[in-house]
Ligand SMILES: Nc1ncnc2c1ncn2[C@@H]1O[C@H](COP(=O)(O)OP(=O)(O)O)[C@@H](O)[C@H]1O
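Single chain ahead, written as structure tokens, the form predicted on its own.
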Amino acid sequence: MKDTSMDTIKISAKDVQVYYADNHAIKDVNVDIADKTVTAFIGPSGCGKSTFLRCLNRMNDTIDICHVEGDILIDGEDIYDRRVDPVQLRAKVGMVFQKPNPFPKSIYDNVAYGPRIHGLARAKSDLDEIVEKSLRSAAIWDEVKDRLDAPGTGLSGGQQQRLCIARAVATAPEVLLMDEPCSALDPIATAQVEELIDELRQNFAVVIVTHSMQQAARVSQKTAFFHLGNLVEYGDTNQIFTKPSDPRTESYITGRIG
């Protein structure tokens, strides 16, 4: 049976350039990212994959010397349009960072924070429901349901990262960005988060930056290979890893550049 969701384009980037002052960090990136799919960005350190990821929710706006050109559309709407409020955009495009970064608040308040500031819950019962649903979708509800008042910072690293995923999905985003979400985790916690990523793609377009090619091969359906600020190759993960069309991709995958 053909998976039609792979055909729905969620994010479309055209001729994207990113400059840090005079440094041209991202050059002419064109890519269409499918909905309900995990897309992995791979490439050597400093190749631009995290910089490009941060363009997708305008996180680069927070860096004074950073300047973005080109078009990035989500559902056909230009996210860099002057009328777009970056705060509202970031409710729609959730982000999970490399290091788990729970707020110094209770587990409950970590998850409730976004829905509260975006006015998504009218009553306490609505908020309770969102918190439970988010913790369940981050596969951590059973571990924390009896201590929702305990501080989020008291959880283990893997649990903290799943709490951050719950916090990211609580605002009902449509896209979930993950910047090396497992690099600070041990192998068991990594496996749990990878399993979770596979479940999350049923509801979101997931874009993950990873330095682990094995991880990209395990969790993604599409892979983009970045090198020196260029998007060298993009396609089905299986094809990128077994029959890459660009020699630079092959050199990276076989470990000759990295």
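Heads up: residue numbers just count along the shown sequence, starting at 1. As the structure is a prediction and not an experimental result, all values here were calculated from the model.
Beyond what is shown, the protein has a form predicted together with this ligand; the following relates to that form.
K.L.:
May I ask whether L196, V207 and K222 each come within 4.5 Å of this ligand in the predicted complex, counting any non-hydrogen atom?
P.N.:
So, no: the whole triplet misses this ligand.
K.L.:
Taking the shortest heavy atom distance, is P44 within 4.5 Å of this ligand in the predicted complex?
P.N.:
Answer yes; at least one heavy atom of P44 falls within 4.5 Å of this ligand in the predicted complex.
K.L.:
Is T242 a contact residue for this ligand in the predicted complex, using a 4.5 Å heavy atom cut-off?
P.N.:
Although this ligand is absent here, T242 would stay clear of it in the predicted complex, with no heavy atoms inside 4.5 Å.
K.L.:
Hey, in the predicted complex, does N23 get a heavy atom within 4.5 angstroms of this ligand?
P.N.:
Residue-level check for N23: yes, a contact with this ligand.
K.L.:
Is T51 near this ligand? Define near as a heavy atom within 4.5 Å, in the predicted complex.
P.N.:
Output for T51 is yes: heavy atoms within 4.5 Å of this ligand.
K.L.:
Name the stretch: of 197 to 205, 27 to 35, 61 to 69, 212 to 220, exactly one has residues whose heavy atoms fall within 4.5 Å of this ligand in the predicted complex.
P.N.:
Flagged stretch: 61 to 69.
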